[in-house]
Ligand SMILES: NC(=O)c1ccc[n+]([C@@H]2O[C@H](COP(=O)([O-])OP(=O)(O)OC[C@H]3O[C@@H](n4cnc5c(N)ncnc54)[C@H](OP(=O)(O)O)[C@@H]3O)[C@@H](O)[C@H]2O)c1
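Presented as structure tokens, the chain that follows is alone, the form predicted on its own.
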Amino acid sequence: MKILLFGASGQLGHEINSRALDLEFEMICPVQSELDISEEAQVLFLAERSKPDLIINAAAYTAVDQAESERDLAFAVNRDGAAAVARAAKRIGSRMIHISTDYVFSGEGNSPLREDSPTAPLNVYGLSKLEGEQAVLSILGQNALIVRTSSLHGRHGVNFVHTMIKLFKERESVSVVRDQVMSPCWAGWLAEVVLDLGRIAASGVVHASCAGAVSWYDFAQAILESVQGKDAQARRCRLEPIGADQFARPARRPRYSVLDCSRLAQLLGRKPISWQEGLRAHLAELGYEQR
């Protein structure tokens, strides 16, 4: 299978590319600094030249807080860029997998969110991603699959795990929100899932995150316990729980955005790994072991 991958330099795209090469997929990965997916002519030229069987769009504007003041840029990438990729896929008759987010939901409930749960983004980032989903499905119909994930972390790039490890080594105390619950997702596992989904004729929307629900505070606690075993400063660091209302940020976040991944399990014939397994795998890549 020949795959055209947009966003190969991001933390998910990096993992998809490395695993695809190991599995002997033929990969085309444009350099992000040389290709803007919102420039439709560039996207179409590359698609027509490479003629892939599958296009994976993992490119996105992901600066959630910054999006509040850079609305046009967020929509240019997350909505208009996604639509450009979808139109290119339609032109050459290719299938498309588009990566989206749990932030399309408001998070006001207390039950895992299904693919057909009502969407109601709380911030610009979430709205731009939702409109990107809608554009892709409108353009490609049954040839499109939207993969929503949540709280992504992996060895490549900036993410919560890397930020916490850095803070634990620098500070005597770190405050983390205790009243927002999600399902952290390891990028290495998600990359394998995306490639497996690329092998089957799935369409519509599917949720894909590691299993289980945890607050950001408890997730940080699990990270700290692993780091403390190898770093003296981290052993002296205290983790302090705070409410979301005490941690002011430009963009509102969902209070509860755990995804129901039942459809994914049906499609692939296996259940997602737990968030604890994903965290252990990520930390092992960084040289840490969870106690």
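The first residue of the shown sequence is 1; numbering continues from there. Note that this is a predicted model, so its numbers are computed, not measured.
Omitted from view is the form predicted in complex with the named molecule, to which the following refers.
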Taking the named molecule in the predicted complex, would 188, 193 and 264 all count as contacting it (heavy atom within 4.5 Å)?
no
Though only this chain appears here, would residue 17 touch the named molecule in the predicted complex if you measure heavy atom gaps against 4.5 Å?
no
Any non-hydrogen atom of residue 125 within 4.5 angstroms of the named molecule in the predicted complex
yes
Taking heavy atoms and a 4.5 Å cut-off, does residue 228 contact the named molecule in the predicted complex?
no
Give a yes/no on whether residue 77 approaches the named molecule to within 4.5 Å in the predicted complex, heavy atoms considered.
yes
Okay, which stretch from 246 to 254, 232 to 240, 219 to 227, 52 to 60 lines the named molecule in the predicted complex, with non-hydrogen atoms inside 4.5 Å?
52 to 60
Partner-free chain; cross-checking the named molecule in the predicted complex, the single residue of 36, 65, 48, 26 with a heavy atom within 4.5 Å is 36
Within 4.5 Å of the named molecule in the predicted complex: residues from 142 to 176 (heavy atom criterion)
149, 150, 151, 152
